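The chain below stands alone and is given as structure tokens, in the form predicted on its own.
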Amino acid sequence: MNVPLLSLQGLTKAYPGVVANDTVSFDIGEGEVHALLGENGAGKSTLVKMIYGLVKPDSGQMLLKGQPYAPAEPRQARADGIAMVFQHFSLFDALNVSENIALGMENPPPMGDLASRIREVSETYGLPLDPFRTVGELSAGERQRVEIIRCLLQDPKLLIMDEPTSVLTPQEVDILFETLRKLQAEGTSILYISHKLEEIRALCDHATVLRLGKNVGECIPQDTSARDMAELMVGSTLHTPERADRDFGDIALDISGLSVPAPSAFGTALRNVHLTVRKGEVLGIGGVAGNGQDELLGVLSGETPTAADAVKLNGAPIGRLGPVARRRLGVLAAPEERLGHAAAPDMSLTENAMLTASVRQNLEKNGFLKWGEAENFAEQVIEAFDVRTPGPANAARSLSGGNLQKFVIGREVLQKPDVLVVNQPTWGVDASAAADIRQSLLDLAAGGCAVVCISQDLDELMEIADNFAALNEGRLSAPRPTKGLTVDEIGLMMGGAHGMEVAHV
């Protein structure tokens, strides 16, 4: 009987008030692509951190090729052949590719030799990289290549990948999958974490499902529907968002010929952007990360002022108005970065509710803040969006990423905006929570709200958007009805092959 590459036996890890992993056991075979599935808070991150040496288990053991394996730190895990590509890149924009990769190596070779090795390995695995390109100039997909090549230079036995396709176009996903299949054919095992269940079905040999820290089952993805896997993850029937028939009203939000310089050396300039959104419409904007999404949200939210008539609300110029003034008029926004932008990490949920809802929810009077009413509003958000937290007094940073995302979106939705701009509304949340968030956006539109949904999740945009446009290098394509659009057409639009002609919807 073949010995598994990695065997997890009864791993348990508890934190104050929560058991993150509860006697989790499963095996990963040599040359196997093994999926790790679970909703937010299921324990996936804690588990891979134990494998990678970032967290020490309270009990249980791991065996690597039959021998005890208990890495005290990531350096030891890497020495034993375990590599990990994190969801959030750990790269320095001002350094080039070779310099970034050298920083992740224990004993890097001379830079010339390293550059040659980077070229060789990246081309061998179909992920070509120029070792002398500055990372700040790379697209999100190219940055991911840097992280992957850094791991492949270690010649890993097990490669852990956390949400690896969240920043890729469909064409880039195909290239990544070819690379992973090549690695698998060479005997490398892959532990693959993703919320994109159709990808799991296409790529993975086996799947282990975690729920509330426990292993609740395993399946063969090719023989299991995405819906069945999602319901195994959440332990209940999955709700599918329902789009009500609706007629669009007058133009609510209008941008015409907007150009804005890049906010920093590595930011993206907006170039001749035209955009109209009608009352009751959901406009989906796709694009690979780093093509102007944050900059566009800044213009729409009021964080980036423009000429007065560059942005119009119901025909009135609002370009010079800041975020508070726009909120008073009904223009609300939820940015992509949860901690530090959408929420203040060390403030409580009540305080974070006050930060953006004071105007719309009347949480202040004559300069005095109504903390009791702010707490009530925070509790409404927690209940309506199933935010897993002991209560509104808890700090934002104490929530898991997915639960904080639910709070941030819920806080804006419950203020009943006239225009809502969201960037990555379901990023990092599980299938059930994503369905609820998407339904809330559809419900807003059904009530007459104009919704701008910026997302890298194409399935999401196809599910809820009436019209679709793509951002590429700060340019916005002409919007097209989502009905009838193919994935290939969308991928080409995201890659810039859409022409720069613009049409109003």
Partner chain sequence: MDLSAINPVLLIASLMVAATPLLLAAIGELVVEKSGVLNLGVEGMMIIGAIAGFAITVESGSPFLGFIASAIAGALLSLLFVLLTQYAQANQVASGLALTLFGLGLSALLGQGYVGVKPPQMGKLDLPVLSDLPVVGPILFSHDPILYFAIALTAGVWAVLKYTRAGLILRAVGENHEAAHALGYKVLKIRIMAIMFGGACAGMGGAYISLIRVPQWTEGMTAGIGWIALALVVFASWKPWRALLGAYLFGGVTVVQLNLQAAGVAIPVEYLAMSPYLITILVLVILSADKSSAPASLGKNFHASR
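For clarity, a rigid core is taken as the largest C-alpha set superposing within 1.5 Å between two forms. Residue numbers count along the first chain shown, from 1. Quantities reported herein were computed from a predicted structural model and do not represent experimental measurements.
Just so it is clear, the following notes concern the form predicted together with the partner chain, a form of the same protein that is not shown.
Student: Indicate whether the candidate residues E73, L91 and M105 are all in contact with the partner chain in the model of the complex, with contact defined as any heavy atom within 4.5 Å.
Tutor: Contact check passed for all of E73, L91 and M105.
Student: Just give me the single entry in L54, L442, L63, A478 that has a non-hydrogen atom within 4.5 angstroms of the partner chain in the model of the complex.
Tutor: Flagged contact: L54.
Student: Could you tell me which one of A262, L369, A202, M111 places a heavy atom within 4.5 Å of the partner chain in the model of the complex?
Tutor: Exactly one listed residue reaches within 4.5 Å, namely M111.
Student: Although the partner isn't part of this model, could you tell me whether E99 comes within 4.5 Å of the partner chain in the model of the complex, counting any heavy atom of the residue?
Tutor: Flag for E99 set to yes.
Student: Since only the chain is shown here, I'm wondering whether R78 would be in contact with the partner chain in the model of the complex (any heavy atom pair within 4.5 Å).
Tutor: Although the partner chain is absent here, R78 would touch it in the model of the complex, with heavy atoms inside 4.5 Å.
Student: Taking 4.5 angstroms as the cut-off for heavy atoms, does H195 touch the partner chain in the model of the complex?
Tutor: Taking the distances in the model of the complex, the answer for H195 is no, it never comes within 4.5 Å of the partner chain.
Student: Does L95 reach the partner chain in the model of the complex, with heavy atoms at most 4.5 Å apart?
Tutor: L95: contacts the partner chain in the model of the complex.
Student: Only one of 83 to 91, 217 to 225, 418 to 426, 277 to 285 has heavy atoms within 4.5 Å of the partner chain in the model of the complex; I'd like to know which.
Tutor: Stretch 83 to 91 is the one.
Student: Just give me the residues of 132 to 161, first to last, that have a heavy atom within 4.5 Å of the partner chain in the model of the complex.
Tutor: Only R150 sits within 4.5 Å of the partner.
Student: Taking the rigid core as the superposition reference, indicate whether the CA of M111 shifts 2 angstroms or more between the shown form and the other one.
Tutor: M111 C-alpha, core-superposed: shift of 2 Å or more.
Student: I want to check T134: does it shift between the shown form and the other one by 2 Å or more at the Cα, with the core superposed?
Tutor: True for T134: a C-alpha shift of 2 Å or more.
Student: Would you say whether C204 is displaced between the shown form and the other one, judging by a C-alpha shift of 2 Å or more on the superposed rigid core?
Tutor: No, because once the rigid core is superposed, the C-alpha of C204 moves less than 2 Å between the shown form and the other one.
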